[in-house]
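Below sits a lone chain in C-alpha cells, taken as the form predicted alone.
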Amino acid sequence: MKKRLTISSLLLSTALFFSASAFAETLRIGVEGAYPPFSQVDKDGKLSGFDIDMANALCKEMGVECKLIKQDWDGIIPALIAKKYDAIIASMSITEERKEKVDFTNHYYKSPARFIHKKGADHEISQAGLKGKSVGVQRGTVSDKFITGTFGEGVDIKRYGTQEEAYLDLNAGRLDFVFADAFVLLEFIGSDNGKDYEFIGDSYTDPKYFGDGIGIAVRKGDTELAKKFNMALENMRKSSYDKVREKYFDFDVFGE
C-alpha cells in the first residue's frame, strides 16, 4: 500500500509539473497606449482599451500568460523585428506595404477613416476645399499615407507622434481638420475636449491605403503563432468577442 501511494504521489506531482509548465509560457504583446478607445494609459498608469482587452482575452484563449509592452507607434514594427515582443496588437491595418516587413493574422475588426472639423466651420472635403488647409494625422499611419497620396498637393499636412498631440493642436486652433480612424475620432468628439467638433465628408475604406482590416502582426515566417492567434480569434468570435466589444462599441466592428 505504501509503495502504491508513493507511485501515485509521484505521478500526481509529474502531472502537476507538466500542467503548470503548459501554462507557464509568456506571450509578449506590443501595444501603443496612446490611441483611445483602443489603447490608452488610465489615471492609475494601467493600460486599457479594446486592443488591450483583446490581447488579454486572446492570451487567455490560448492558455498563455500575456505580457503587454508599451511602445511608441513610430518604432512598433522595428521593435517586433528586433524581438522586443512576439506580436503587435495595436489597431494596425493589414496593408501590402506592411506585409513586406511582417506577417498578419486574420482581421479582428474593421474601421473606416474620416475627417473632423470644428462645428459650424465653412469647410468642404475636396481637392479644392482642402487646398491651403491644415490636416493633422498620426505619423506613419494609413491615415497619413491616404492624405499624402490622395489630397497631398496643396494641403498643409501636420504629422504627430500620437493622436492626442493632434487633438491638442486642433483645440488650440492650429489645425483645420484631423483625419483618423472613425472609431477613434468618435471617442474624441464624444468627450468634453471634443464636444465642439464633428465629422465632415465621407468615410474612406480604399484597400490601397486601408488594407483588409485590422490584424495582429507577427514576425515574418512566424506562421505557427499566427495560426494560434487565428484559432483563438475564431473561438472568441463564438464566445467572448462581443463581451469585449460591447465595453467600447454598441455596434458591430468585426465586419465581413
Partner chain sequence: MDFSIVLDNLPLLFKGLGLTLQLLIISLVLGFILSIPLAIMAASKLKWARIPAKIFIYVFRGTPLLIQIFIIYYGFSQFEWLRESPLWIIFKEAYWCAIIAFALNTAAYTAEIFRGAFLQTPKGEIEAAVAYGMSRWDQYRHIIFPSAFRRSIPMYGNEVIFMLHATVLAGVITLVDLFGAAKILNSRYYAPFESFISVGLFYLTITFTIVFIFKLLEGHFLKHLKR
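Numbering follows the first chain given and starts at 1. Worth saying up front: this structure is predicted, and the values here are computed from it rather than measured.
Below, we refer to the form predicted in complex with its partner chain, which is not included among the displayed structures.
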Worksheet entry | Contact residue in the model of the complex, chosen from Lys84, Lys133, Arg98, His107 - any heavy atom within 4.5 Å of its partner chain | Arg98
Worksheet item: Are all three residues Ala34, Leu58 and Glu61 in contact with its partner chain in the model of the complex, where contact means a non-hydrogen atom within 4.5 Å?
Response: no
Worksheet entry | 4.5 Å heavy atom contact, Lys119 and its partner chain in the model of the complex | no
Worksheet item: Quick one: is Arg139 in contact with its partner chain in the model of the complex, heavy atoms, 4.5 Å cut-off?
Response: yes
Worksheet item: Does Arg159 make contact with its partner chain in the model of the complex, using a 4.5 Å heavy atom cut-off?
Response: yes
Discussion item. In the model of the complex, is there a heavy atom of its partner chain that lies within 4.5 Å of any heavy atom of Leu80, even though the partner is absent here?
Written reply: no
Worksheet item: Among 180-188, 121-129, 108-116, 139-147, which stretch sits within 4.5 Å of its partner chain in the model of the complex, heavy atoms only?
Response: 139-147
Response to the item:
Taking its partner chain in the model of the complex and a 4.5 Å non-hydrogen atom cutoff, the residues of 162-192 making contact are Glu165, Leu168, Asp169, Asn171, Ala172, Gly173, Arg174
